[in-house]
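One chain comes next, on its own, written as C-alpha cells: the form predicted on its own.
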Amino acid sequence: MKQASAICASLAETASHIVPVLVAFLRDEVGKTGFHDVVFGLSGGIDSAVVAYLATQAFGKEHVHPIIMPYKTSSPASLADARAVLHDLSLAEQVIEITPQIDAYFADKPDASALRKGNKMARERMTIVYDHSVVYHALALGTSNKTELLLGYGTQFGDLASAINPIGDLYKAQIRAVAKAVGVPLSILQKAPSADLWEDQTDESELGFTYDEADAILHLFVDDRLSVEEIVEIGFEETLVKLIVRRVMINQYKRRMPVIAKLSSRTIGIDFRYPRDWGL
C-alpha cells in the first residue's frame, strides 16, 4: 500500500538522527537510580540488537550484560545473529538454555497450545533477566517497540517487562532506521521479524498484517489523532483499521501498572505518583 510505505518512510526519516538522544536517555535514567550496569535478553532480532548497540554506546561493554536464552525449537540463525552482535560489540557471551524448565513444566500438559508455551517461554526468559539483574547489580532494559506495545503484541510480565525501555516510543519502521544508524548486522536487518517462540513463527503471519500497515495506521490514530473514518478516507481498508484500533484498545491493560482499587485519599498510581528518581 503506497500510503503505508510513504508514512513509514517519513517515520524512518525522523528516527535517523536520534541515536545520541537515546544514548543520553539511557545514561540519565539509569544513572538516576544509582545503577551503572544493564541486563536484557538478546534474541538475535532487530529490537534487542538495537538495545545492545545503544547500551554499549551509553555505558561501555563492561557494563552491558546481554543474555541469549534459546529453546530447543529456536532458530539456529537467531543464535548466530545474536552472537554476531556480541562479536561486533565485543560483549561477553552468556547463553542460558530454557528447554529443561519449559519441557518440565509442560511434561504433563501434552495438549498445551503454542500460545501457552510461547507465553511461558517469554516469562521464563524475563525471570532469568531479573535474576541476573541481582547478579550484576543491573537494571533490566526493555526491548519492545512502540508498534508491539500499542498492539499488545507481547507477553505481560514477559518480554513487555523492564525497568527502562529506550525503544518503546519507536515504531518498527523507526527501529529499522536506528538499526542502520548504529550498525546492526545486515543479516538481522534483512530477516523477517519473529519472536522465535516456535518453529517458523513470524510476527506478520501471526498478526495478520504487515508492520508497515500497522505503523502507518497506528501513527495516524495515536500520533495524528485521526478517527477510524478519517484514516479510511486516506485510503486504508476499513476492516484493517478497525482491527488495529481495537487491538490498541483491548490491550490497554498491558501498558499499565496493575490497577489498584481506590480506598484512601492517596492511592498508589492514582494520587500518589512521583518520578522514579524522587528522593535520590
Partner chain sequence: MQSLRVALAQISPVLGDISANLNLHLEQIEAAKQQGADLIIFPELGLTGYSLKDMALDVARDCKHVDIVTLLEASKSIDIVFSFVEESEDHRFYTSSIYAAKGEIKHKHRKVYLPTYGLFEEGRQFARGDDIQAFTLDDVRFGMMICEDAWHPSVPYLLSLAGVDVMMITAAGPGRALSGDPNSASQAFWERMVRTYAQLFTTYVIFVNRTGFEDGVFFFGHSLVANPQGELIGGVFSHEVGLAVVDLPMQLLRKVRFRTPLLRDEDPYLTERVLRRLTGGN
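A quick note: this is a predicted structure, and the numbers were derived from the prediction, not measured. Positions refer to the first chain, counted from 1.
Form predicted together with the partner chain: not shown, discussed below.
Of the candidate stretches 164-172, 100-108, 114-122, 150-158, only 164-172 has residues whose heavy atoms lie within 4.5 Å of the partner chain in the model of the complex. For the chain shown alone, residue 29 is a contact residue for the partner chain in the model of the complex, at least one non-hydrogen atom being within 4.5 angstroms.
Although the partner is absent from this view, residue 21 contacts the partner chain in the model of the complex, with a non-hydrogen atom inside 4.5 angstroms. Put simply, residue 262 is far from the partner chain in the model of the complex: not one heavy atom of it is within 4.5 Å. Proximity of residue 266 to the partner chain in the model of the complex: non-hydrogen atoms within 4.5 Å are present.
Heavy atoms closer than or equal to 4.5 Å to the partner chain in the model of the complex belong, across 11-26, to the residues 13, 14, 15, 16, 17, 18, 20, 21, 24, 25, ordered by sequence position.
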